[in-house]
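The data below hold one chain only, encoded as C-alpha coordinates and taken in the form predicted on its own.
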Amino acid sequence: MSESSRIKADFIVHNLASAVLFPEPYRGQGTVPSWRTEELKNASVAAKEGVIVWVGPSARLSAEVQIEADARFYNGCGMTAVPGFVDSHTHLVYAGDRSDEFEMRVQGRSYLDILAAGGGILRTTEAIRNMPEELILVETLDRIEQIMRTGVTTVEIKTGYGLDLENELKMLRVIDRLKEESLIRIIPTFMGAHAIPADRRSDPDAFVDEICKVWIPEVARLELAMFNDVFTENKAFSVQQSRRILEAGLANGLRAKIHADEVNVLGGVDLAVELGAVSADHLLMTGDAGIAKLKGSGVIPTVLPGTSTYLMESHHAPARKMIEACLPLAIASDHNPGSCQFLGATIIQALAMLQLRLSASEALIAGTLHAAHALGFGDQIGAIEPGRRMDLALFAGDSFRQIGYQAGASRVEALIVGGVVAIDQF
(Lines give C-alpha, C1' and ligand atoms only; values in the text may rest on other atoms or scores of the structure.)
Protein backbone atom coordinates (compact mmCIF):
# COMPACT_ATOMS: atom_id res chain seq x y z
CA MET A 1 0.00 0.00 0.00
CA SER A 2 1.43 3.41 -0.99
CA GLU A 3 2.11 6.15 1.54
CA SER A 4 -0.58 8.41 0.06
CA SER A 5 -3.29 5.75 0.22
CA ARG A 6 -2.74 4.81 3.85
CA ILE A 7 -5.19 6.06 6.49
CA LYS A 8 -3.79 8.82 8.69
CA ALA A 9 -3.98 8.48 12.45
CA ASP A 10 -2.92 10.62 15.41
CA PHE A 11 -3.81 8.19 18.24
CA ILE A 12 -3.38 4.43 18.35
CA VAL A 13 -4.37 1.85 20.95
CA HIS A 14 -2.13 -1.06 20.02
CA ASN A 15 -1.25 -4.60 21.07
CA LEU A 16 -4.69 -5.33 22.52
CA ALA A 17 -5.34 -8.91 23.54
CA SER A 18 -8.79 -8.50 22.00
CA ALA A 19 -11.15 -5.89 20.55
CA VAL A 20 -14.87 -6.67 20.52
CA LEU A 21 -16.55 -5.85 17.23
CA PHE A 22 -20.17 -5.97 16.10
CA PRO A 23 -20.03 -7.37 12.54
CA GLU A 24 -23.66 -6.49 11.75
CA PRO A 25 -24.55 -3.49 13.92
CA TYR A 26 -28.13 -2.29 14.19
CA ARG A 27 -28.49 0.70 11.88
CA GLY A 28 -31.81 2.06 13.05
CA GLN A 29 -35.45 1.83 12.06
CA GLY A 30 -36.11 -0.65 9.28
CA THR A 31 -33.18 -2.91 10.08
CA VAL A 32 -33.13 -6.10 12.11
CA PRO A 33 -30.78 -6.05 15.11
CA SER A 34 -28.01 -8.60 15.12
CA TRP A 35 -26.66 -9.87 18.43
CA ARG A 36 -23.36 -11.13 16.99
CA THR A 37 -20.01 -10.18 18.44
CA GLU A 38 -16.54 -10.91 17.14
CA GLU A 39 -13.42 -10.91 19.29
CA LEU A 40 -10.54 -9.71 17.14
CA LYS A 41 -7.37 -11.00 18.77
CA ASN A 42 -4.05 -9.12 18.81
CA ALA A 43 -5.85 -5.97 17.68
CA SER A 44 -5.15 -2.28 17.31
CA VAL A 45 -7.53 0.68 16.95
CA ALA A 46 -6.46 3.92 15.27
CA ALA A 47 -8.16 7.32 15.42
CA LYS A 48 -7.84 10.73 13.86
CA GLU A 49 -9.12 13.75 15.82
CA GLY A 50 -11.04 11.50 18.19
CA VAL A 51 -12.81 9.44 15.52
CA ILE A 52 -11.95 5.81 14.74
CA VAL A 53 -10.38 5.45 11.29
CA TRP A 54 -9.07 1.88 11.38
CA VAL A 55 -9.51 -1.36 13.31
CA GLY A 56 -7.51 -4.48 12.59
CA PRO A 57 -4.77 -6.91 13.56
CA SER A 58 -1.76 -5.21 15.12
CA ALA A 59 0.48 -6.95 12.58
CA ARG A 60 -1.13 -4.90 9.77
CA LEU A 61 -1.10 -1.54 11.54
CA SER A 62 2.08 -0.09 10.03
CA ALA A 63 1.23 -1.31 6.53
CA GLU A 64 -2.29 0.14 6.46
CA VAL A 65 -2.09 3.20 8.71
CA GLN A 66 0.05 6.29 8.23
CA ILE A 67 1.02 7.22 11.79
CA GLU A 68 1.55 10.97 12.09
CA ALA A 69 4.83 12.22 13.54
CA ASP A 70 3.23 13.52 16.74
CA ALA A 71 0.85 10.57 17.15
CA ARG A 72 0.08 9.30 20.65
CA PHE A 73 0.11 5.62 21.57
CA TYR A 74 -1.53 3.57 24.28
CA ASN A 75 -0.27 0.07 24.94
CA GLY A 76 -3.24 -2.26 25.40
CA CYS A 77 -1.19 -5.35 26.11
CA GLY A 78 -3.17 -7.88 28.14
CA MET A 79 -6.43 -5.94 27.77
CA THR A 80 -9.76 -6.34 25.97
CA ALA A 81 -11.35 -3.27 24.38
CA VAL A 82 -15.13 -2.93 24.30
CA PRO A 83 -17.11 0.11 23.17
CA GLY A 84 -17.52 2.64 25.95
CA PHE A 85 -20.74 1.86 27.80
CA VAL A 86 -23.74 4.14 27.26
CA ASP A 87 -25.98 4.56 30.30
CA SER A 88 -29.11 5.89 28.62
CA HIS A 89 -31.37 6.22 31.68
CA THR A 90 -30.21 7.72 34.98
CA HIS A 91 -31.30 10.14 37.70
CA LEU A 92 -27.70 10.80 38.68
CA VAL A 93 -28.28 14.33 40.06
CA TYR A 94 -29.91 14.11 43.47
CA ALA A 95 -29.46 14.92 47.15
CA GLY A 96 -30.19 13.24 50.44
CA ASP A 97 -30.31 9.68 51.73
CA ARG A 98 -33.22 7.23 51.55
CA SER A 99 -31.63 4.17 53.11
CA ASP A 100 -34.52 3.90 55.58
CA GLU A 101 -36.93 3.48 52.65
CA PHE A 102 -34.77 0.65 51.36
CA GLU A 103 -35.28 -1.09 54.68
CA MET A 104 -39.03 -0.38 54.52
CA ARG A 105 -39.22 -2.13 51.16
CA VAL A 106 -37.29 -5.09 52.52
CA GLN A 107 -40.01 -5.30 55.17
CA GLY A 108 -42.77 -5.35 52.56
CA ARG A 109 -43.84 -1.76 51.76
CA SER A 110 -44.29 -1.07 48.03
CA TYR A 111 -42.68 1.77 46.08
CA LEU A 112 -46.04 3.42 45.37
CA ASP A 113 -47.08 3.09 49.03
CA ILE A 114 -43.92 4.96 50.06
CA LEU A 115 -44.55 7.59 47.39
CA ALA A 116 -48.17 8.11 48.50
CA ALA A 117 -46.98 8.60 52.10
CA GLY A 118 -44.73 11.51 51.09
CA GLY A 119 -41.56 9.50 50.61
CA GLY A 120 -39.86 8.51 47.42
CA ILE A 121 -39.45 11.22 44.79
CA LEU A 122 -41.05 13.88 46.98
CA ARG A 123 -38.53 13.31 49.75
CA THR A 124 -35.63 13.79 47.36
CA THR A 125 -37.36 16.92 46.08
CA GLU A 126 -37.13 18.46 49.55
CA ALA A 127 -33.43 17.57 49.72
CA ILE A 128 -32.70 19.07 46.29
CA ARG A 129 -34.49 22.29 47.19
CA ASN A 130 -32.47 22.64 50.39
CA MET A 131 -29.02 21.73 49.06
CA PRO A 132 -26.78 24.40 47.46
CA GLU A 133 -26.14 23.94 43.75
CA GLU A 134 -22.38 23.74 44.29
CA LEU A 135 -22.72 20.82 46.71
CA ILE A 136 -25.07 18.96 44.37
CA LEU A 137 -22.43 19.38 41.66
CA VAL A 138 -19.64 18.00 43.89
CA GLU A 139 -21.68 14.95 44.91
CA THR A 140 -22.66 14.22 41.31
CA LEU A 141 -19.10 14.56 40.06
CA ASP A 142 -18.15 11.80 42.49
CA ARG A 143 -20.83 9.54 40.95
CA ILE A 144 -19.56 10.43 37.46
CA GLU A 145 -16.06 9.34 38.45
CA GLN A 146 -17.42 6.07 39.80
CA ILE A 147 -19.33 5.22 36.62
CA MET A 148 -16.32 6.07 34.48
CA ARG A 149 -14.37 3.40 36.37
CA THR A 150 -16.91 0.86 35.15
CA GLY A 151 -16.42 1.88 31.51
CA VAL A 152 -19.16 4.46 30.93
CA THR A 153 -18.31 7.07 28.30
CA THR A 154 -21.80 8.52 27.71
CA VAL A 155 -24.51 9.06 30.33
CA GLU A 156 -28.00 10.52 30.20
CA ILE A 157 -29.13 12.42 33.30
CA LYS A 158 -32.73 13.39 34.07
CA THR A 159 -34.11 16.14 36.27
CA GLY A 160 -37.36 15.50 38.13
CA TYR A 161 -36.49 16.11 41.77
CA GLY A 162 -37.04 19.88 41.67
CA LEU A 163 -40.74 19.79 40.79
CA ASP A 164 -40.92 23.56 40.52
CA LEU A 165 -39.37 25.64 37.78
CA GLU A 166 -36.66 27.18 39.96
CA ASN A 167 -35.32 23.85 41.15
CA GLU A 168 -35.76 22.01 37.84
CA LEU A 169 -33.60 24.72 36.29
CA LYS A 170 -31.18 24.33 39.20
CA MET A 171 -30.80 20.65 38.33
CA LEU A 172 -30.37 21.44 34.64
CA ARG A 173 -27.64 23.96 35.46
CA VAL A 174 -25.82 21.27 37.46
CA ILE A 175 -26.06 18.90 34.49
CA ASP A 176 -24.78 21.67 32.20
CA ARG A 177 -21.81 22.26 34.50
CA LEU A 178 -21.12 18.52 34.58
CA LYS A 179 -20.67 18.68 30.81
CA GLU A 180 -17.87 21.20 31.37
CA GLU A 181 -16.27 19.38 34.31
CA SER A 182 -16.22 15.84 32.91
CA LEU A 183 -14.63 14.21 29.88
CA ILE A 184 -17.54 11.87 29.22
CA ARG A 185 -20.54 12.87 27.12
CA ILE A 186 -23.51 13.92 29.25
CA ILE A 187 -27.02 14.05 27.80
CA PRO A 188 -29.54 16.26 29.67
CA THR A 189 -33.21 15.25 29.93
CA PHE A 190 -35.90 17.48 31.41
CA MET A 191 -38.32 15.48 33.55
CA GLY A 192 -40.41 18.03 35.38
CA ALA A 193 -43.23 15.51 35.02
CA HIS A 194 -41.68 13.00 37.41
CA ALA A 195 -44.26 13.30 40.18
CA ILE A 196 -47.03 15.63 41.33
CA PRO A 197 -45.93 17.71 44.34
CA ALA A 198 -48.04 17.42 47.47
CA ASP A 199 -49.26 21.03 47.18
CA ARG A 200 -50.45 20.49 43.58
CA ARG A 201 -52.41 17.28 44.03
CA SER A 202 -55.75 19.04 44.35
CA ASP A 203 -55.52 20.19 40.72
CA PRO A 204 -53.02 18.06 38.78
CA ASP A 205 -54.25 19.33 35.41
CA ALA A 206 -53.29 22.87 36.39
CA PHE A 207 -49.83 21.53 37.25
CA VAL A 208 -49.62 19.90 33.82
CA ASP A 209 -50.70 23.21 32.24
CA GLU A 210 -47.83 24.96 34.00
CA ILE A 211 -45.31 22.37 32.84
CA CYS A 212 -46.52 22.67 29.25
CA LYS A 213 -46.97 26.44 29.00
CA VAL A 214 -44.24 27.77 31.30
CA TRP A 215 -41.60 25.22 32.24
CA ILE A 216 -40.97 23.52 28.90
CA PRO A 217 -40.75 26.77 26.87
CA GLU A 218 -38.27 28.18 29.42
CA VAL A 219 -36.12 25.03 29.40
CA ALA A 220 -36.09 25.13 25.60
CA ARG A 221 -35.27 28.86 25.53
CA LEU A 222 -32.26 28.29 27.76
CA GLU A 223 -31.18 25.26 25.65
CA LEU A 224 -30.56 23.17 28.76
CA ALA A 225 -32.13 19.87 27.67
CA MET A 226 -32.20 17.53 24.70
CA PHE A 227 -35.09 15.29 25.80
CA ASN A 228 -38.40 15.63 27.62
CA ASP A 229 -39.54 12.68 29.75
CA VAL A 230 -42.69 11.83 31.71
CA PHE A 231 -43.64 9.19 34.29
CA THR A 232 -46.83 7.65 32.90
CA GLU A 233 -48.25 5.72 35.81
CA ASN A 234 -51.04 5.56 38.38
CA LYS A 235 -50.39 8.18 41.09
CA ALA A 236 -48.19 10.06 38.60
CA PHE A 237 -49.37 11.19 35.11
CA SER A 238 -52.18 9.73 33.02
CA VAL A 239 -51.78 8.94 29.34
CA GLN A 240 -53.78 12.06 28.45
CA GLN A 241 -51.59 14.26 30.66
CA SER A 242 -48.46 12.57 29.33
CA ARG A 243 -49.51 13.25 25.75
CA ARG A 244 -49.90 16.97 26.49
CA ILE A 245 -46.49 17.10 28.17
CA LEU A 246 -44.65 15.25 25.42
CA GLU A 247 -46.40 17.20 22.65
CA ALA A 248 -45.43 20.45 24.37
CA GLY A 249 -41.83 19.25 24.44
CA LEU A 250 -41.89 18.31 20.76
CA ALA A 251 -43.35 21.72 19.89
CA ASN A 252 -40.38 23.29 21.68
CA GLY A 253 -37.71 21.09 20.11
CA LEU A 254 -37.33 18.52 22.93
CA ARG A 255 -37.39 14.91 21.78
CA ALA A 256 -39.69 12.54 23.65
CA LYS A 257 -38.87 9.80 26.14
CA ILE A 258 -41.31 8.01 28.42
CA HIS A 259 -41.36 5.96 31.61
CA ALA A 260 -43.91 3.30 30.67
CA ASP A 261 -45.39 0.05 32.01
CA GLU A 262 -43.33 0.04 35.21
CA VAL A 263 -46.20 -0.82 37.55
CA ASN A 264 -49.33 -0.76 35.38
CA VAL A 265 -50.00 -1.01 31.65
CA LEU A 266 -51.86 2.23 30.94
CA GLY A 267 -50.99 2.87 27.31
CA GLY A 268 -47.58 4.47 27.64
CA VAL A 269 -46.07 2.24 24.95
CA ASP A 270 -48.85 3.16 22.52
CA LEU A 271 -48.20 6.84 23.26
CA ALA A 272 -44.46 6.40 22.70
CA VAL A 273 -45.09 4.85 19.28
CA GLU A 274 -47.73 7.43 18.37
CA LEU A 275 -45.42 10.37 19.13
CA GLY A 276 -42.21 8.79 17.84
CA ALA A 277 -40.43 8.77 21.17
CA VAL A 278 -36.74 7.93 21.04
CA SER A 279 -37.19 5.34 23.77
CA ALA A 280 -39.75 3.77 26.07
CA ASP A 281 -38.18 2.80 29.40
CA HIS A 282 -38.84 0.37 32.26
CA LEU A 283 -41.39 -1.89 30.44
CA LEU A 284 -41.52 -4.21 33.42
CA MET A 285 -45.17 -5.09 32.81
CA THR A 286 -45.17 -4.90 29.01
CA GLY A 287 -47.00 -7.83 27.43
CA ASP A 288 -47.22 -9.34 23.97
CA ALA A 289 -49.41 -6.51 22.66
CA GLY A 290 -46.88 -3.89 23.72
CA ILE A 291 -44.01 -5.83 22.20
CA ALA A 292 -45.93 -6.14 18.92
CA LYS A 293 -46.63 -2.40 19.02
CA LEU A 294 -42.93 -1.60 19.44
CA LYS A 295 -41.83 -3.81 16.56
CA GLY A 296 -40.76 -1.70 13.61
CA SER A 297 -41.69 1.54 15.39
CA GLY A 298 -38.17 2.91 15.82
CA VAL A 299 -38.81 3.36 19.56
CA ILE A 300 -35.95 1.76 21.49
CA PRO A 301 -37.22 -0.46 24.34
CA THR A 302 -34.99 0.20 27.34
CA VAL A 303 -35.17 -2.15 30.32
CA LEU A 304 -33.69 -1.58 33.75
CA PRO A 305 -32.77 -4.83 35.50
CA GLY A 306 -31.16 -3.01 38.41
CA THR A 307 -34.47 -1.40 39.35
CA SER A 308 -36.56 -4.55 39.32
CA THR A 309 -33.82 -6.27 41.35
CA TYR A 310 -33.53 -3.42 43.85
CA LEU A 311 -37.31 -3.27 44.29
CA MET A 312 -37.41 -7.05 44.76
CA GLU A 313 -40.00 -7.48 42.01
CA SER A 314 -41.36 -10.97 41.45
CA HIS A 315 -40.44 -10.79 37.78
CA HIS A 316 -38.36 -8.70 35.37
CA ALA A 317 -38.95 -7.04 32.02
CA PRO A 318 -39.60 -9.53 29.18
CA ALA A 319 -36.21 -8.99 27.56
CA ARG A 320 -36.00 -12.42 25.93
CA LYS A 321 -39.39 -11.95 24.27
CA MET A 322 -38.24 -8.57 22.98
CA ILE A 323 -35.09 -10.05 21.49
CA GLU A 324 -37.07 -12.88 19.92
CA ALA A 325 -39.38 -10.24 18.41
CA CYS A 326 -36.28 -8.62 16.81
CA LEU A 327 -36.51 -5.47 18.92
CA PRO A 328 -33.29 -3.44 19.47
CA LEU A 329 -33.33 -3.91 23.23
CA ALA A 330 -31.26 -1.51 25.34
CA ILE A 331 -30.33 -1.77 29.01
CA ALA A 332 -29.50 1.04 31.44
CA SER A 333 -28.87 1.52 35.15
CA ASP A 334 -31.70 3.87 36.27
CA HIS A 335 -29.38 4.89 39.10
CA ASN A 336 -31.41 7.01 41.52
CA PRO A 337 -31.70 7.59 45.28
CA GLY A 338 -34.77 5.46 45.88
CA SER A 339 -35.46 2.57 43.56
CA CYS A 340 -31.98 1.68 42.29
CA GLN A 341 -28.65 2.36 43.95
CA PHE A 342 -26.68 0.11 41.59
CA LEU A 343 -24.07 2.41 40.06
CA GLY A 344 -22.13 1.84 36.86
CA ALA A 345 -22.25 -0.39 33.81
CA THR A 346 -20.58 -3.61 34.91
CA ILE A 347 -23.11 -4.55 37.59
CA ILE A 348 -25.91 -3.87 35.09
CA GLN A 349 -24.18 -6.18 32.61
CA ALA A 350 -24.22 -8.90 35.26
CA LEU A 351 -27.86 -8.29 36.21
CA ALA A 352 -28.91 -8.35 32.57
CA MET A 353 -27.44 -11.83 32.36
CA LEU A 354 -28.64 -13.07 35.75
CA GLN A 355 -32.13 -11.58 35.77
CA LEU A 356 -33.03 -11.10 32.10
CA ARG A 357 -31.18 -14.21 30.87
CA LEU A 358 -29.21 -12.29 28.26
CA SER A 359 -26.02 -13.77 26.86
CA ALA A 360 -22.77 -11.85 27.32
CA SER A 361 -22.98 -10.66 23.71
CA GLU A 362 -26.58 -9.54 24.08
CA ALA A 363 -25.85 -7.66 27.29
CA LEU A 364 -22.85 -5.90 25.77
CA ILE A 365 -24.71 -4.78 22.65
CA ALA A 366 -27.74 -3.69 24.70
CA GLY A 367 -25.53 -1.59 26.98
CA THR A 368 -23.51 0.05 24.21
CA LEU A 369 -24.85 0.25 20.65
CA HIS A 370 -28.57 -0.06 21.37
CA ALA A 371 -28.28 2.27 24.35
CA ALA A 372 -26.64 4.78 22.01
CA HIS A 373 -29.69 4.51 19.73
CA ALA A 374 -31.87 5.17 22.81
CA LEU A 375 -30.18 8.60 22.94
CA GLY A 376 -30.25 9.28 19.22
CA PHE A 377 -26.50 8.74 18.81
CA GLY A 378 -26.59 5.25 17.31
CA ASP A 379 -24.52 6.30 14.30
CA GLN A 380 -21.83 8.09 16.34
CA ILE A 381 -20.98 5.95 19.37
CA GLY A 382 -21.61 2.49 20.80
CA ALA A 383 -19.35 0.33 18.60
CA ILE A 384 -15.69 -0.01 17.66
CA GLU A 385 -16.07 0.90 14.02
CA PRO A 386 -14.52 3.45 11.64
CA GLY A 387 -16.51 6.67 11.61
CA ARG A 388 -17.57 6.45 15.25
CA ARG A 389 -16.10 8.38 18.16
CA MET A 390 -13.16 6.59 19.78
CA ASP A 391 -14.79 5.65 23.07
CA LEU A 392 -13.15 2.53 24.48
CA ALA A 393 -13.30 0.75 27.81
CA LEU A 394 -10.25 -1.47 28.37
CA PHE A 395 -10.55 -4.37 30.82
CA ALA A 396 -7.87 -6.81 31.93
CA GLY A 397 -7.98 -10.19 30.21
CA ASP A 398 -8.56 -11.55 26.74
CA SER A 399 -12.38 -11.78 26.68
CA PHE A 400 -15.26 -9.38 27.35
CA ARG A 401 -17.21 -12.24 28.94
CA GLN A 402 -15.31 -11.63 32.16
CA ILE A 403 -17.11 -8.28 32.60
CA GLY A 404 -20.49 -9.75 33.52
CA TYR A 405 -18.95 -12.81 35.11
CA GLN A 406 -17.02 -10.71 37.61
CA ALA A 407 -20.14 -8.60 38.27
CA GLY A 408 -19.52 -5.42 40.27
CA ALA A 409 -15.84 -6.24 40.83
CA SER A 410 -15.01 -5.50 37.18
CA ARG A 411 -13.21 -2.17 36.71
CA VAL A 412 -11.49 -0.62 33.72
CA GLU A 413 -7.76 -0.57 33.32
CA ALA A 414 -8.16 2.39 30.98
CA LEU A 415 -10.96 4.56 29.64
CA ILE A 416 -10.59 6.43 26.36
CA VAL A 417 -13.14 9.11 25.50
CA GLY A 418 -13.01 10.73 22.09
CA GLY A 419 -9.41 9.66 21.65
CA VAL A 420 -8.35 11.06 25.05
CA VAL A 421 -7.17 8.81 27.87
CA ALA A 422 -9.56 9.70 30.72
CA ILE A 423 -8.52 6.91 33.12
CA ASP A 424 -5.22 5.06 33.17
CA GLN A 425 -4.52 2.63 35.99
CA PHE A 426 -0.87 2.33 35.04
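A residue's number is simply how far along the shown sequence it sits, counting from 1. This structure is a prediction, so every number in the text was calculated from the model and none was measured.
Just so it is clear, the following notes concern the form predicted in complex with a small molecule, a form of the same protein that is not shown.
- The stretch in contact with the small molecule in the predicted complex, judged by heavy atoms within 4.5 Å, is 256 to 264, chosen from 179 to 187, 256 to 264, 67 to 75, 220 to 228.
- Out of the listed residues 346, 80, 153, 307, 307 is the one that sits within 4.5 Å of the small molecule in the predicted complex by at least one heavy atom.
- With the partner omitted from this view, the residue of 339, 167, 286, 140 that lies near the small molecule in the predicted complex is 339 [heavy atom within 4.5 Å].
- In the predicted complex, residue 334 approaches the small molecule with a heavy atom inside 4.5 Å.
- Taking the partner from elsewhere, residue 98 is found to have a heavy atom lying within 4.5 Å of the small molecule in the predicted complex.
- Residue 121 belongs to the set of residues with a heavy atom inside 4.5 Å of the small molecule in the predicted complex.
- In the predicted complex, no heavy atom of residue 237 sits within 4.5 Å of the small molecule.
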